[in-house]
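Taking the form predicted alone, here's one chain by itself in structure tokens.
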């Protein structure tokens, strides 16, 4: 074979390979999860010998408590690891229903509860079941970035509506009404929210549901931080679903309050008529959630584990109550005090006009890792940082000391501007 022939053959083969590797259009609509990239850099610095305080990922420093770990070990000893039904273990669905009744006074039929591979799995199933190509879901800006990418993955459109401090970074009924179009399928809200730690007042949530219901849409409520609400008893949007039960889907997770992030277990509560659709989708997309995680999660609802969770919740609140005034004293703007989750949304414009560059500098010079606003939307992302206080109190104290040293002589000629409502 001649060299020319070999080159031509190689060129043809490469062309075929490039054609085979052509990516689907949807991949271009899904942006990288920047917090994960920043976290990789933080870990690289740590591996190189630097002391890094991680205030990036929303992962509790607490892990599953002993009763849950023992339940996992027992399931392993008894070899309870084969597939479950796609909807999840009946015992776990009943346990969640009992928890809603005892903890929040809401009656939910266990048959409406679908166990999923994390809250992400629940959201994917929901969007797959309810959103057609070209339809849009209204979300606040800022919001958790994966939510909009879930919609994009199924050829829908996430329409981000700017929500500033005046709205506690949340949607309102009036905003939903003003932004509804013929293409709108519904809304997706999170209460409390990632990245802001703020909740929607329950009366306002009721009004949002009414606006959506009047237009024949669906309300999806992400409640994965609901049990980490610090001002009053948590209330579920399921209270609003009981009247008709047909247009509200609630998402929850074992990751946050229950401290089981890597176990990848969550649930959704759907209208009864939709459960067979979710079951069909789950059978094909996931088969079932982790059987071992499901068996372990049964112990989450026992009194020994619940007592531990409430102690840990109190510790998260103690961290918030320390960190919010400490960061304000350093010169950061916190226009809305978080009332749940374990995040603070900081205005860093006193120090920098570029939150990404500022976050890089904090990591390099202070060894403090925080997340710039660009992950969370288009509403002045260069102004905001998200700080997670899901780490130990001692590390939070050290982070404040490091920031104080770094920022002690920082130019402060430009005051933090008031953010008008709707920003």
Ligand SMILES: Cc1ncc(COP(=O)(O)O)c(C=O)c1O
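Fair warning: this is a prediction, and the values are worked out from it, not measured in the lab. Numbering follows the first chain given and starts at 1.
Missing here is the form predicted together with this ligand; even so, the following discussion is about that form.
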In the model of the complex, the one of 222, 347, 167, 141 near this ligand [non-hydrogen atom within 4.5 angstroms]: 222
field: Option touching this ligand, based on a heavy atom within 4.5 Å in the model of the complex, out of 217, 333, 118, 156
entry: 118
- prompt: Does this ligand come within 4.5 Å of a heavy atom in each of 190, 194 and 256 in the model of the complex?
  reply: yes
field: Stretch in contact in the model of the complex with this ligand, which is absent here, among 287 to 295, 119 to 127, 204 to 212, 315 to 323 (heavy atoms within 4.5 Å)
entry: 119 to 127
query: Could you tell me if residue 94 has a non-hydrogen atom within 4.5 Å of this ligand in the model of the complex?
result: no
- prompt: Heavy atom to heavy atom, is residue 149 within 4.5 Å of this ligand in the model of the complex?
  reply: no
- prompt: According to a 4.5 angstroms non-hydrogen atom cut-off, is residue 177 in contact with this ligand in the model of the complex?
  reply: no
- prompt: How about residue 235: is it within 4.5 Å of this ligand in the model of the complex, going by heavy atoms?
  reply: no
query: Which residues, if any, of 85 to 109 lie within 4.5 Å of this ligand in the model of the complex when only heavy atoms count?
result: none
